[in-house]
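Just the one chain here, laid out as structure tokens, in the form predicted alone.
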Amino acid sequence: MTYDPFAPEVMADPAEAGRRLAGCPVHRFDGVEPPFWTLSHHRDVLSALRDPATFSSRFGQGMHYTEEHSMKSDAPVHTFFRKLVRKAFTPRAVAQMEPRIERIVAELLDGFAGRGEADLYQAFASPLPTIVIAEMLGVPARDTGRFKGWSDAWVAAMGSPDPEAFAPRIAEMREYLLEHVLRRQELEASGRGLPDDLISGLVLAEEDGERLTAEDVVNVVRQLLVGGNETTSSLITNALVRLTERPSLLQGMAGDPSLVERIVEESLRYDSPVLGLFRTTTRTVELHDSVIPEGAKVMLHYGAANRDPLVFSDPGRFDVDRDAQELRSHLAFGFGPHVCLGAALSRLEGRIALRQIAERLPGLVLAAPPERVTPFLLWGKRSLPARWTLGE
């Protein structure tokens, strides 16, 4: 069976991966170095996510071997760092952010709704989650353009045959974040008060007498900054593409909160923003008459798993009326100990964004074909030209 994750037809339509991999649940791809295996069946991907002792994150969740730290590492290091951060993403903490997110969405829409046309990625879907996570971290919102560029470079390096090409941008991000961390450490050392934000919380955090180093804090903040925008931007753009194909759903969202929630979940399943992430095997794995050696890179293909007909009825159909359990069975945010920490926040931003767009951009249609984001392991839009009807 021929499957190339970088082939134009696969890049243009991630469902093509599911179709091609359906008969080959363990696939080896030799087109890059190192070669990697792909798991595509829902039960196999879920099983791997539940078994970090065998499918380890220690050497990175990208296609190359990198020594990971903080929240992207394995337990007990991962557990320690995640415990320090997770209270900022509890359901209660996220719910308290709803009024502010409502205002940010409204302010962004104020900037272009009266024009009748815009690139909804550049004007809306890209800045929204970046502004939200920047405010949480306590870094200036005026730098959101830089954050997005750094985040794109970081994610591109994970899925690029030449990750060193992105090293200068990644180093620039580190220096920027380190400056903010050191400034807070200086404030603490001088006895002055720190800002009430997530970076300050990490600087002051203590667990069993241990404190984080400046580099530890930078690593955590970088992961939050990257993870806090890419998935949500793509969730919004992917959903809007499907909604412009189904105007009745778009029109119905304004007065039906439950419909908005179902649209978000079905979009996450049907158009998974993160098509997959990688693990490294700690032992030989025998699966489906195939042998994956110890130390192999394995892509857990969320996108293909989310189109598995054994789990989802008629998986190639965008269907917001699926059974509630089926709607929530997708793996768009991963599963297990490394499940996306910001999943609830991403869902909330998506719901607010789609509802306000439905209310304020009537008659929304695409003005030109959207462009795909570049990294092969992501699925979203980096341009979304659209137009809508202006009131009399």
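Quick caveat: nothing in here was measured; it's all calculated off a predicted structure. Numbering starts at 1 and runs along the sequence shown.
Keep in mind that the form predicted together with protoporphyrin IX containing FE (HEM) is missing from the display, and what follows is about it.
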(message) Is residue 160 part of the interface with protoporphyrin IX containing FE (HEM) in the predicted bound form - any heavy atom within 4.5 Å?
(response) no
(request) With heavy atoms only and a cut-off of 4.5 Å, decide whether residue 64 touches protoporphyrin IX containing FE (HEM) in the predicted bound form. (result) no
(message) Test of understanding: in the predicted bound form, would residue 298 fall inside 4.5 Å of protoporphyrin IX containing FE (HEM) by heavy atoms?
(response) no
(message) Within 4.5 Å, heavy atoms only: does residue 268 come near protoporphyrin IX containing FE (HEM) in the predicted bound form?
(response) yes
(request) Please state whether every one of the three residues 148, 237 and 380 places a non-hydrogen atom within 4.5 angstroms of protoporphyrin IX containing FE (HEM) in the predicted bound form. (result) no
(message) Just to be sure I understand the contacts: of 89, 176, 80, 166, which is the one whose heavy atoms reach within 4.5 angstroms of protoporphyrin IX containing FE (HEM) in the predicted bound form?
(response) 89
(request) Using heavy atoms only and a 4.5 Å cut-off, determine which of 133, 202, 250, 218 is in contact with protoporphyrin IX containing FE (HEM) in the predicted bound form. (result) 133
(message) Given the stretches 99 to 107, 224 to 232, 282 to 290, 318 to 326, which is the single one in contact with protoporphyrin IX containing FE (HEM) in the predicted bound form, using a heavy atom cutoff of 4.5 Å?
(response) 224 to 232
(message) Where, within 285 to 318, is there a heavy atom within 4.5 Å of protoporphyrin IX containing FE (HEM) in the predicted bound form? Residue list please.
(response) 302
